[in-house]
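Read the single chain below, which is given as structure tokens and is the form predicted alone.
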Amino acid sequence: MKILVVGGGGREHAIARALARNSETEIFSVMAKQNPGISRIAKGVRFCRETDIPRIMSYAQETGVEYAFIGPEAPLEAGIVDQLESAGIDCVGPTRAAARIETDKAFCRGMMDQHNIDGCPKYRVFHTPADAISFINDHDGDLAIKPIGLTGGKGVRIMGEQVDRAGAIAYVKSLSGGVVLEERLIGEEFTLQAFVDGIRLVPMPLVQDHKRAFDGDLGPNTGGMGSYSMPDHMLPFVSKGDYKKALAIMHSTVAALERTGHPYKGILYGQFMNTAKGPKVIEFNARFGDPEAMNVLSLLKSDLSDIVVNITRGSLSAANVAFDQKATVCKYIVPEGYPDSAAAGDPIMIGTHTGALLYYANVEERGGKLSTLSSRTLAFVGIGPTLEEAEKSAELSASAVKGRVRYRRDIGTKALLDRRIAHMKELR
């Protein structure tokens, strides 16, 4: 069985490693820059932009892959799945039309409205800066300002927290496309990811990501500084009722896309805010989260290659998907200055990381030596029967890295989790 993994980050290293547990699966890779972890697993690698569809098509046909697993969102928006499937290569990833659930925020909110899908916040879509600015000037209260298109997880600004009214107007003027203005959601975020075969959906363990750059949830938003999951696959501030509602929203979304003639196959990522009134949809992503993929795939007991086949054939079943009942803590190592002015080219040394899994991301390896690039460098995932033990494992490994890098020490700690629980109790 030959599978092409598109993408070269920590998420794709986690995908490749999970696929490689099946000794009969041959992995091929397309990535813009070499990921040392993927390169060691893959039978073959093609270096090119992940949106260079003609070159990817050529490589897929040259290697004779039967399946493709699409990691990042940009190639989905470029229509990579449509092209691969037209050549008879089945994909874990939605078509360009179905991927609009992530790539077009206006489409996503409109679909939720049209199909009466629960969890949609109050919103307005504006296609010109002037109209959006007029609304901002007349609006009392906080707003979430979201560019309609892709922003790499770093495009949202909160008027009332991150920027004032003048800053919000300046931000809208700086955008090249339309914008969605939404009510600001107050609560605790959580991520629910699922395998989807077009009709059926199989959920994965809940994860909580940490977007802010520094300890204590301070600093600018990033692509994600780390994440954790619990042994029971739930989160202590998400009730069973909350979970049931979030899962129902995911099911309704898949059903709505199927009814519109664009069935969704691949990974559906639901980013939720658990509010005083229950879960609301912050956004959907059309692929695994990064870092959340590392949490759930590190726990996956089932054969990911078999799941790939079942997704593409429309035969997905919860009976064939199982995860270890353990906790995970992921801590990302990032260059100094990340995300605004990351220092690239600095050497780093990895210390002892016994017990923690190492995932490479945006890092360069030459002659066996590693150096930083301009984004998140590598991640450690600690696994244990309790959150405390998983955090200890991740922390020991992360703290042993030497170089001009940093990481969030508070991810997965009891103190931070207690804050989340207390905040949810205050809201309710």
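All figures in this text were calculated on a predicted structure; none of them were measured in a lab. Start at 1 and count along the sequence shown; that's the residue number.
Another form, the form predicted together with adenosine monophosphate, is not on view; read the next lines as being about it.
A.B. asks: From the candidate stretches 246-254, 265-273, 89-97, 315-323, select the single one in contact with adenosine monophosphate in the model of the complex, where contact means a heavy atom within 4.5 Å.
C.D. replies: Comparing against adenosine monophosphate in the model of the complex, the contact stretch is 265-273.
A.B. asks: So which of 200, 184, 115, 124 gets a non-hydrogen atom within 4.5 Å of adenosine monophosphate in the model of the complex?
C.D. replies: Exactly one residue meets the criterion: 184.
A.B. asks: Using heavy atoms only and a 4.5 Å cut-off, determine which of 310, 221, 260, 302 is in contact with adenosine monophosphate in the model of the complex.
C.D. replies: Residue within 4.5 Å of the partner: 221.
A.B. asks: Residues 158, 211 and 283 are flagged as a possible site; in the model of the complex, is every one of them within 4.5 Å of adenosine monophosphate by some non-hydrogen atom?
C.D. replies: Looking in the model of the complex, the three residues 158, 211 and 283 all sit within 4.5 Å of adenosine monophosphate (heavy atoms).
A.B. asks: Would residue 217 show up as a contact with adenosine monophosphate in the model of the complex if we use heavy atoms at 4.5 Å?
C.D. replies: Flag for residue 217 set to no.
A.B. asks: Is there a heavy atom of residue 189 lying 4.5 Å or less from a heavy atom of adenosine monophosphate in the model of the complex?
C.D. replies: It does: once adenosine monophosphate is placed as it appears in the model of the complex, residue 189 has a heavy atom within 4.5 Å of it.
A.B. asks: Given that adenosine monophosphate is not shown alongside this chain, does residue 105 nevertheless sit within 4.5 Å of it in the model of the complex, heavy atom to heavy atom?
C.D. replies: Because a heavy atom of residue 105 falls inside 4.5 Å of adenosine monophosphate in the model of the complex, the answer is yes.
A.B. asks: In the model of the complex, does residue 230 come within 4.5 Å of adenosine monophosphate, counting heavy atoms only?
C.D. replies: Contact check for residue 230: no, nothing within 4.5 Å of adenosine monophosphate in the model of the complex.
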